[in-house]
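Before any questions on binding or motion, here is one chain by itself as structure tokens, the form predicted alone.
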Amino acid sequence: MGGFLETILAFMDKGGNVLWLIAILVFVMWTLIFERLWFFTFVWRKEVFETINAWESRSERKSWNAKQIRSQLLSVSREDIHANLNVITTLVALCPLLGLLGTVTGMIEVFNVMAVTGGGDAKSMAGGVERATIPTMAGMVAALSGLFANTYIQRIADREQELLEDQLTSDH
């Protein structure tokens, strides 16, 4: 276990401070993704049941007032379904941008080494290039993983919203 932690810390040290920002961003993003999966798996069914019961308990469902109540029920459920989805989308978009920030800071380090040594210290320049490329790779990997999860959750949210709209009918 200690060797694994040392390997991770060495990797984070090679990537610089930007890599820690990416790690925090990924942690928050995946926490929100798992929260949405937990919501759709354990909480959403109960809310659908309560919403359908509230609608079905009405004696009439064809008046203007009934349609407004149906609209309000769907609006509340839409807010619950789409909670945090925009935040997840934003975090997915931020991951590669932070990776690019790491690239810029790493290249600044390379140029600094070139200015000080006159370009003759290839080992120091390689260290700067490494520091520039690791955050880029980490940002892209984080964005790809979040992109797939975000797309999956968006599809679940859209499907569940449509299913609820179909179940709140006024024809019976």
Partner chain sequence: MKSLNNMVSALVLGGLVAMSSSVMAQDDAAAPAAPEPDLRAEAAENLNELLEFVKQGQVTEASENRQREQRFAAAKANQAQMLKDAEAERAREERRSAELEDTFEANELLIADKQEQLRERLGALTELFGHLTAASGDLKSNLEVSLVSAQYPDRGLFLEELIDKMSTSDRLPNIEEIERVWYEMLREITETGKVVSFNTEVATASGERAPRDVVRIGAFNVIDTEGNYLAYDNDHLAVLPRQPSGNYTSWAAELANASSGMHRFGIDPTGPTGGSFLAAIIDSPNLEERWHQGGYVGYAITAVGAFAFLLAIFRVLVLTGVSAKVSKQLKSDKANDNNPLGRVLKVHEDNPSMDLETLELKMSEAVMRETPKLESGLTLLKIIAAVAPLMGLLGTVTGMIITFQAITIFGAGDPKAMAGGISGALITTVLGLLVAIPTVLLHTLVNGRAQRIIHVLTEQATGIVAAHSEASSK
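Numbering follows the first chain given and starts at 1. Keep in mind it's a predicted model, so treat the numbers as computed, not measured.
Beyond the structure shown, there is the form predicted together with its partner chain, which is absent from this document and is the topic of what follows.
- The three residues I33, G127 and M137 each lack any heavy atom within 4.5 Å of its partner chain in the model of the complex.
- Taking the partner from the other structure, its partner chain in the model of the complex has a heavy atom within 4.5 Å of a heavy atom of T117.
- For I69, a non-hydrogen atom is located within 4.5 Å of its partner chain in the model of the complex, even though that partner is not displayed.
- When contacts are judged by a 4.5 Å heavy atom cut-off, N65 counts as touching its partner chain in the model of the complex.
- Proximity of N112 to its partner chain in the model of the complex falls within the 4.5 Å heavy atom cutoff.
- I108 is the sole member of L147, I52, L37, I108 with a non-hydrogen atom within 4.5 Å of its partner chain in the model of the complex.
- Residues V87, T90, L91, L94, L97, L98, L100, L101, V104, T105, M107, I108, E109, F111, N112 are the members of 87-112 with a non-hydrogen atom no more than 4.5 angstroms from its partner chain in the model of the complex.
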